[in-house]
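Encoded as structure tokens, the following chain is the form predicted alone, with no partner shown.
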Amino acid sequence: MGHGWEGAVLKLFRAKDFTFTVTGAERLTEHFARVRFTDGGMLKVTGVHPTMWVRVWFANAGRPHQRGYTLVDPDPEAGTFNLDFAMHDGPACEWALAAEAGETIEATVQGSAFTAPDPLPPRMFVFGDAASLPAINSLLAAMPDVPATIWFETAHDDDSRLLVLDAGLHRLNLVPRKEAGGHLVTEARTALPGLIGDPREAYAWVACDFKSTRGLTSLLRKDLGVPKHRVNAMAYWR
């Protein structure tokens, strides 16, 4: 399957293409499915970093369709990893539900990066939802001694079940999705001023829908004065 104009643009940015092979699949919850893969040599070429994601290509009515997914439990020595799919309508989830061992799928690596905050913050502020749940787990595991306050936007009661939290370090705030994500921004606007402390030492990681991510980034940088390099924000979906 060709990758169309998106693939051509990615090639201009020296993106690397790989073929993954399915080794198994399982349903984790009613709203999450996991597919296991061998990496086609990717991890030895790219290495691994926290929140690492790849662009996976799916067929959509005969046209190429790419979506980003965070690697779960990547093992460079074994050349294996998992991808977790939050269930919703669309070609990616349809593919995941039907995936069987031996199937292959194409992927592109370009755009994924992570720089740990230096110095480490006294507390992290994390904003995400079902789409960014695997990345949140990766982030927390990468900084196991840093306390974190997490605002997790939920559409289903079991959305947060797969979060891997340390009860002594992590405070979880479940926020129901309302007002097209606006409710999450309102909750943050109320809570953050009393928690942020010295904005120069703060660190925030934001990965929600486009509108919420933009609103939270503005709140952190413009209203609360957190320096640009201490806010790691990426819209995971629209």
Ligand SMILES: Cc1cc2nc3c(=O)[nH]c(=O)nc-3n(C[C@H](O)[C@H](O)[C@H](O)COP(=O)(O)OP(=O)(O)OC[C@H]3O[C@@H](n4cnc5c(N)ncnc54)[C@H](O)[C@@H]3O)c2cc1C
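From 1 onward, residues are counted along the sequence shown. Values in this document were obtained by computation on a predicted structure and should not be read as measured data.
Keep in mind that the form predicted in complex with this ligand is not shown, yet the notes after this line are about it.
- The single contact residue among Leu120, Cys93, Val109, Leu165, judged by any heavy atom lying within 4.5 Å of this ligand in the predicted complex, is Cys93.
- In terms of contact with this ligand in the predicted complex, the residue from Ile105, Ala131, Ile150, Ala99 that brings a heavy atom within 4.5 Å is Ala131.
- Of the candidate stretches 194-202, 168-176, 36-44, 64-72, only 64-72 has residues with heavy atoms within 4.5 Å of this ligand in the predicted complex.
- Annotated contacts: Ala116, Asp223 and Lys228 are all free of this ligand in the predicted complex [non-hydrogen atom within 4.5 angstroms].
- Although the partner is absent from this view, Trp57 stays clear of this ligand in the predicted complex, with no non-hydrogen atom inside 4.5 angstroms.
- Although the partner is absent from this view, Phe85 contacts this ligand in the predicted complex, with a non-hydrogen atom inside 4.5 angstroms.
- Not displayed here, this ligand is kept clear of Asp145 by more than 4.5 Å at the level of heavy atoms in the predicted complex.
- In the predicted complex, this ligand stays beyond 4.5 Å of every heavy atom belonging to Asp157.
- Residue Trp53 is the sole member of 41-64 found to place a heavy atom within 4.5 Å of this ligand in the predicted complex.
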